[in-house]
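The chain below stands alone and is given in structure tokens; this is the form predicted on its own.
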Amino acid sequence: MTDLPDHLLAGYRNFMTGRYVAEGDRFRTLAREGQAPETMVIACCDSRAAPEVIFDSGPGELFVVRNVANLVPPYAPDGEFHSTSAALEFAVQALKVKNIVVVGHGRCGGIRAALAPASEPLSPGDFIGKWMSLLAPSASAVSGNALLTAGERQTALERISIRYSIANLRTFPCINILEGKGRLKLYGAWFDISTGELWVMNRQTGDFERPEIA
């Protein structure tokens, strides 16, 4: 018996008889020459919002890091364990990506948790609660606005989290320097799972706008 769920093995068989047949040369080139993606994507680990699917990307095109609510913590060289910061360091310093895109999405469970900090934690460690406390000031401001509906508060904080992460990206010295020299660009986007709409953050105003699609 092979120790993987049946649906994963079935998916792998489809991959080997389908996509790998079509893109085998690409995979072999990547294995031989290494990866050189121009774009890093920081996205939520929600299974419904996979960046490679949203952007229809092939192997080797995107360097992706995913965490709860697509958050970038502030730069903190304190000797602790920082998985997102480690991925950023590798993408910027080793791979020398030209773009970093923070992608949020609708109906995010992490954002919902941030808007309800008093709810019962999922575990004694309350890892999600601690992680989402990064957004506590913004969550408090949004949740206190009685003129917004629950859905509007959710969407507002989802988009604020993208701006928050982009602001924190600029606390990393290497990113701040490279952006200042025009060698690295930072972007934000928000994906609506139910409609498939992508809203892109205007880098001048911070507003989220629908791009024109031919």
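Quick note: we count residues from 1 along the sequence shown, nothing fancier. This one's a predicted model, so the numbers in the text were calculated from it and none came from an experiment.
The discussion below concerns the form predicted in complex with a further copy of the same chain, not included here.
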Leu134: touches a further copy of the same chain in the predicted bound form, heavy atom cutoff 4.5 angstroms: yes
Contact label in the predicted bound form: Gly182 to a further copy of the same chain, heavy atom within 4.5 Å: no
4.5 Å heavy atom contact, Asn168 to a further copy of the same chain in the predicted bound form: no
Partner proximity in the predicted bound form: Pro117 to a further copy of the same chain, non-hydrogen atom cutoff 4.5 Å: no
Interface residues of 4 to 34 toward a further copy of the same chain, as seen in the predicted bound form [heavy atoms, 4.5 Å]: Leu4, Pro5, His7, Leu8, Leu9, Gly11, Tyr12, Arg13, Asn14, Phe15, Met16, Arg19, Tyr20, Phe27, Arg28, Leu30, Ala31, Arg32, Gly34
